[in-house]
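Encoded as structure tokens, the following chain is the form predicted on its own, with no partner shown.
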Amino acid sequence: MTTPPTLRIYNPATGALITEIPADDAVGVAASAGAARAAQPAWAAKPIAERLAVIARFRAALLRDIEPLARTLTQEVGKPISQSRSEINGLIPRLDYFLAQTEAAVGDQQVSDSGGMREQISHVPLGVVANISAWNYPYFVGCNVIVPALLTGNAVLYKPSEHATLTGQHITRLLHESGVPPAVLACLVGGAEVGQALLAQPIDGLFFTGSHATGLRIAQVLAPRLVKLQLELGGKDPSYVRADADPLAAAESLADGAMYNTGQSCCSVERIYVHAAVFDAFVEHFCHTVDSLKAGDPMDTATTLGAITRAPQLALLAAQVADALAKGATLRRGGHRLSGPGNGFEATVLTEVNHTMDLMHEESFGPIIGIQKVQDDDEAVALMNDSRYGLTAGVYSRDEAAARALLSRVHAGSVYWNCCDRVSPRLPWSGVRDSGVGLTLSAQGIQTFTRPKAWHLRSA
């Protein structure tokens, strides 16, 4: 008799086993896909007001259960408890946006009525979509796909990351309790083998958030089938501090952007360029801000620097530090794994860095930052664009016109003036180059779960 698959879930802050839960296999994945296909037409046929009411109940359930939900999130990903609460609270405005804008975004549009011929556009659900989600912001990343997909009439096969599975199960449970039929939203438990089984199903769209390497493999698997594909991949997000910037304000903002969520975000600030005129003042203020971070038990509300969720990332961070130091960088803060149990790494700041170092061109995904001195705006823009990624980029300056001119030259899906590490439901979230294809959020992000259907209507 074959032993049923299971998934072990560990606390990255302590290394302790949290629980072991049943996992899916290829047979179970196929069964869920078949059930979703059968159930989707009835879900799509419901009036949109009913689907909106379901998500409104889900919104209320999140606020009702925020404390146990936040504790589960912290236990399985190592995020400080205050940041787990903030993530769930931060999801509410996104849900409000979807609730307010979906009907208009996918409503029928009449584009012409002339000479007895009317032309209209309607938006038809894709059908059954798969969502292979990420662990670093499971509420944001998961619901950016699940909620608009459901609202627009799709069924969803949702595979949360194996590092945030308990949170994924909570999201699914609350949506079921709010009125989503179980067959319309299935939570698939497991690692890479479950993802592979999901790709083998006759799906109508695949929405993935994760690494470039995994995204590329997914694209190669699905390419012969011409399945709609959306990939939200990595970033090596730069910011530039101009000569006219306030170095204190810029340092405080960028230190938070680099270290929040222990640097484990695709839009975390990962490299900073500072004009020589303000370099020394900026570095001093930046290091002072980093010194105020407190590593420790993520369940402690005083903790601001949590655990590294995936243990193998510790070796990558250490290797980036070693490579930078060997090539002439100066270690200003941190640089080492924290002593004791769990996956702790010090908040790390390096200066005298350059683009021969892995730190400045390969994604770090941890609490580590390189700060490079530049002589002028043109040098900064050239370095910002010297990357295979293009997710976000920022400029700090007192001069909006100058900042906008610089940002117009930077290859990135989202750009920031005097801010960083920010996402808005009203704006599209997308990247260029190896940061991915497609988008979520905004009206376009709602429409991405549909296909336009063209209507040519001639009067008899």
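Throughout, we count residues from 1 along the sequence that is shown. Nothing here was measured: the structure is a model prediction, and the numbers come from that model.
A second form of this protein, the form predicted in complex with nicotinamide-adenine-dinucleotide (NAD), is not displayed here; the remarks below concern that form.
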- Query: Out of the stretches listed (366 to 374, 74 to 82, 153 to 161, 115 to 123), which one is close to nicotinamide-adenine-dinucleotide (NAD) in the model of the complex, meaning heavy atoms within 4.5 Å?
  - Reply: 153 to 161
- Sole residue of R310, R242, H170, H285 within 4.5 Å of nicotinamide-adenine-dinucleotide (NAD) in the model of the complex, by heavy atom: R310
- Proximity to nicotinamide-adenine-dinucleotide (NAD) in the model of the complex, single hit among V349, C266, M384, V274 (heavy atom within 4.5 Å): C266
- Message: Please tell me whether the candidate spot formed by S133, G195 and W429 is one where all three residues come within 4.5 Å of nicotinamide-adenine-dinucleotide (NAD) in the model of the complex (heavy atoms).
- Response: yes
- Task: Give a yes or no for L391: in the model of the complex, does one of its heavy atoms lie within 4.5 Å of a heavy atom belonging to nicotinamide-adenine-dinucleotide (NAD)?
- Result: yes
- Answer yes if any heavy atom of G191 is within 4.5 Å of a heavy atom of nicotinamide-adenine-dinucleotide (NAD) in the model of the complex; otherwise answer no. yes
- Message: in the model of the complex, is there a heavy atom of nicotinamide-adenine-dinucleotide (NAD) that lies within 4.5 Å of any heavy atom of S86, even though the partner is absent here?
- Response: no
- Query: For G234, is any heavy atom within 4.5 Å of nicotinamide-adenine-dinucleotide (NAD) in the model of the complex, or not?
  - Reply: yes
- Query: Taking nicotinamide-adenine-dinucleotide (NAD) in the model of the complex, which residues of 207 to 238 have any heavy atom within 4.5 Å of it?
  - Reply: F208, T209, G210, S211, T214, R217, I218, E232, L233, G234, G235
